[in-house]
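Below sits a lone chain in structure tokens, taken as the form predicted on its own.
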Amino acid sequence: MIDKTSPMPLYFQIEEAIKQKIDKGEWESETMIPSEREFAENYEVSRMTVRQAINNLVNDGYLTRQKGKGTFVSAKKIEQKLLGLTSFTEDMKSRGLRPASRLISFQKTTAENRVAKALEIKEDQIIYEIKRVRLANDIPMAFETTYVPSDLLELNESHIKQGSLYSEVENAGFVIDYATQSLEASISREAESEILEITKGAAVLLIKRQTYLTTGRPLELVQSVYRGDRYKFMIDMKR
């Protein structure tokens, strides 16, 4: 219950009460919460106060609104530590999730200037362009575009559909050394929203990765759009 004599704002007390239910597991992921009217009657406050509490929790990622349905506890986000170089497939398996990919397109094309620079090849050199949706337990997590020099190794559509690109590279005798990666916040565009099954303008993470072999040669340039409501990155820091 809330304390109306407390100097703590009522909406904040309601927020904390809802957070407790979520954190203790009383309300599980994707469970619909009571309506604003029910909260208002239960706590004997105005619906405006309840609405402010719920809006804050939606903004903080605890709750999700579904148009025409109601407000739900947000699905738990997958955490990925920014340590070590792993593929999406390896990362999902390590969390006990079932990884999968849905191939959108696989083609040979010519490298435009920005891609050629990243792969350290000549502009207009032939490369593989691979567009995939990455899934965990059948839920779309990321839309990924990968560029690989075609003279490095032979790839075909069945290889990409069957498993991890990194496995194919290592099976071909190459050793993957390191990668540089950048992350930035953005909002989803229409095409990405449709593929990832999110609303247009939803929060996403844009991730760019350049991966290198032990020979020093670039293996790939990957540009990914990750769902902000399903994924978060963690980093351990020491002073």
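C-alpha atoms forming the largest set that superposes within 1.5 Å between two forms make up the rigid core. Note that residue numbering begins at 1 and tracks the sequence as displayed. Since we're looking at a predicted model, the values are computed, not measured.
The same protein has a further form, the form predicted in complex with the DNA, not shown here; the description that follows concerns it.
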Exercise: residue 60 in contact with the DNA in the predicted complex, heavy atom 4.5 Å: no
is_contact(residue 231, the DNA) in the predicted complex, heavy atom dist at most 4.5 Å: no
The DNA contact at residue 179 in the predicted complex, heavy atom, 4.5 Å: no
Contact test in the predicted complex: residue 150 vs the DNA, heavy atoms, 4.5 Å: no
In the predicted complex, the one of 71, 110, 89, 145 near the DNA [non-hydrogen atom within 4.5 angstroms]: 71
Contacting member of 26, 44, 184, 190, with respect to the DNA in the predicted complex [4.5 Å, heavy atom]: 44
Location of the DNA contact in the predicted complex, chosen stretch of 210-218, 170-178, 26-34, 193-201 [non-hydrogen atom, 4.5 Å]: 26-34
Heavy atom contacts to the DNA in the predicted complex at 4.5 Å, residues of 45-61 in sequence order: 45, 46, 47, 48, 49, 51, 52
Is_shifted residue 45 between the shown form and the other one (CA, 2 Å cut-off, rigid core): yes
Rigid-core frame, C-alpha of residue 35, shift of 2 angstroms or more between the shown form and the other one: yes
Rigid core superposed: residue 63 CA moves 2 Å or more between the shown form and the other one: yes
